[in-house]
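To begin, one chain is listed below as structure tokens, in the form predicted alone.
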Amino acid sequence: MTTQVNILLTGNELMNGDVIDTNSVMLAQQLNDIGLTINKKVTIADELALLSAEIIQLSQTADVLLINGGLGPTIDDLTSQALAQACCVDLHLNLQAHSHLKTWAKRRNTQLNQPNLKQAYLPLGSEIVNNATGSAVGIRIQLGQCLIICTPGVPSELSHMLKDEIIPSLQQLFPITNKKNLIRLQTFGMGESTLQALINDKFPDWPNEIAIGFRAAMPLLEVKLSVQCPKGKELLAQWQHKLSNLLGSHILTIGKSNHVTIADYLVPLLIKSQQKITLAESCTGGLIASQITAIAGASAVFEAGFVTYSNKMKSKMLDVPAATLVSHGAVSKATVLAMAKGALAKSNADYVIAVSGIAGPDGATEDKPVGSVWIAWGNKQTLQAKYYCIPVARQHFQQVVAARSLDLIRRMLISS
């Protein structure tokens, strides 16, 4: 019998668009990984009567109801109160939740105030779900035939609680006998339609038993292979191998990783080869450096980068000849190659990326439209440069330029 799972998301900020809902995506992905699928998802505002009524209704059609949000210290955090009302019980001081709050405050060298203490009052008969990073514990309670689990709305807290507490608990309570096999391939450099057309062309005999899906998570594209029937499970390894050979270096990893930047894959390659990288950034304004230093262990491969936004600083910091800037302009092959050489000389790194472009909406010329960018990459022995035109919004442009730049070095490393 299929386990029925419903999700209830609460928060005025979700309803009015102040916050983008990423938590239900996280919940769906992790539930799907253990063979559970969501039957119904509801998002409602912070209104006590509305919340209580929805909890009752959703619990009547589910084995599990996951409630996300509304466990904080402020007056509009109403999940505990609504849950107590739906279960026809009172709120009471939960000693475990109170102890958790005191420990949380002590670690931060702060005093608990009355709004904080609100988070220790939970529905009578409920249990806590440990939250290793935040102030609000989760709540677990049975309502009729439905198990209700409440989690905070902070994505980082939800992520830890899912991994450490909730998913293992659900796996024990609702074991899946015919679990779906799922393989994720993280790819870069090919769009969904192009990839689907390629698969259709090369594999007209793709088996019906293996479902193929795509999830665009800029800058990466995730390709998912999923099977549930015995024949599909037998064929999965063979067809994964065929697809991997077809995509080649477009594949970053195969497994269940869910990284969001190519730096996640580049930094380990540099660490393994014991080589360092430097950067000379103009239009990306330090974004590439930020993505590299976000990875644990980056200090072993990255010592310095240069953000030279003006022509004056390109000359002063990277020794780009003034004549080059006058003759070719900042967005040119000659300039990015000079930036790359200057960064290598100043840092003594092994590899370099240099970028200069027009992010827009202003700054375009007739021969250099908005979205123009030159990227140089390589080492002291081999420096290359390539022109791209990426006519998208400013922030999207910067993200794509950063991703393409890092990927060019990644490809260079894996081919050496």
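Note that this is a predicted model, so its numbers are computed, not measured. One-based numbering along the sequence shown.
What comes next is about the form predicted in complex with a further copy of the same chain, which does not appear here.
Here is the short version: of 241, 316, 272, 92, the single residue with a heavy atom within 4.5 Å of a further copy of the same chain in the model of the complex is 316. This chain lacks the partner; the member of 384, 365, 32, 60 within 4.5 angstroms of a further copy of the same chain in the model of the complex by a non-hydrogen atom is 32.
With the partner omitted here, the stretch from 42-50, 350-358, 369-377, 62-70 that lies within 4.5 Å of a further copy of the same chain by heavy atoms in the model of the complex is 42-50. Taking non-hydrogen atoms only, residue 189 never approaches a further copy of the same chain to within 4.5 angstroms in the model of the complex. When contacts are judged by a 4.5 Å heavy atom cut-off, residue 56 does not count as touching a further copy of the same chain in the model of the complex.
Although the partner is absent here, residue 303 lies within 4.5 Å of a further copy of the same chain in the model of the complex, judged by heavy atoms. When a further copy of the same chain is considered in the model of the complex, residue 175 lies well away from it, no heavy atom lying within 4.5 Å.
For the stretch 221-246, the set of residues having any non-hydrogen atom within 4.5 angstroms of a further copy of the same chain in the model of the complex comprises only 224.
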